[in-house]
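Next up: just one chain, as structure tokens, the form predicted on its own.
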């Protein structure tokens, strides 16, 4: 991976006394890279979202399906995965390079703990390439201008932008729609955008209480309805079946994770979809 993952703009020390979204998610997935503050908040949110661990796994399955769809149906072999989170089972590069060993992936995350793990855990195939950029989605220019991006991905060929379970940490007033639009402006025609997003459409009360619990733990969490998630795809043409539940997005593409305990009734509390830039 290229050097220069950070230039001092973001902290590189880890504060384990404060919960972090990447580590909470790692806890739900059964990972070990989390601390008491993360586990405490993870349990608090789980108290309002029954089956949250299975929902996190369903989100991971969507990631795998969207990667395979981008390669097999759209012919895209370059991926920009923003809000990567801690390395766990079936990361983007693992799925992509199984389908096409020459696939190239750039991961982006602001968490210094993800930075600390990136070199050791995100190694790609000999034919392909992987890189990690320590940057914040709130500053898309810092991502698009990073030399790690241009040295790994060909800016003249389509790129699959992956925003998996990350936009829910932004309020609209944070400039969310402008951020997504800028990322799309930075990739050529034929590129794709995959999004999964927490919603209260299936249980408004439970989602609202989960949002409150996250706030008490120091995290921003925003639930958006289906229409609001669809608006995040502005500037793209949605691919079938459009914005739908995690489970119903291209199920024929299979699953990467075995079905385990902590079942939930009904769909996961999330919407997901993929759009293609014309």
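Just so you know, these numbers come straight off a predicted model, no measurement behind them. Residue numbers count along the first chain shown, from 1.
The same protein also has a form predicted in complex with a small molecule, omitted here; what follows describes it.
Engineer: Among 94-102, 132-140, 197-205, 147-155, which stretch has residues whose heavy atoms lie within 4.5 Å of the small molecule in the predicted complex?
Structural biologist: That would be 132-140.
Engineer: In the predicted complex, does residue 45 come within 4.5 Å of the small molecule, counting heavy atoms only?
Structural biologist: Answer no; every heavy atom of residue 45 is more than 4.5 Å from the small molecule in the predicted complex.
Engineer: Should residue 159 be counted as a contact of the small molecule in the predicted complex, where contact means heavy atoms within 4.5 Å?
Structural biologist: So residue 159 does not count as contacting the small molecule.
Engineer: Since only the chain is shown here, I'm wondering whether residue 245 would be in contact with the small molecule in the predicted complex (any heavy atom pair within 4.5 Å).
Structural biologist: Result no; residue 245 lies far from the small molecule in the predicted complex.
Engineer: Would residue 124 show up as a contact with the small molecule in the predicted complex if we use heavy atoms at 4.5 Å?
Structural biologist: No, residue 124 stays farther than 4.5 Å from the small molecule in the predicted complex.
Engineer: Which of these residues, 76, 183, 193, 166, gets a heavy atom within 4.5 Å of the small molecule in the predicted complex?
Structural biologist: The option sitting close enough to the partner is 166.
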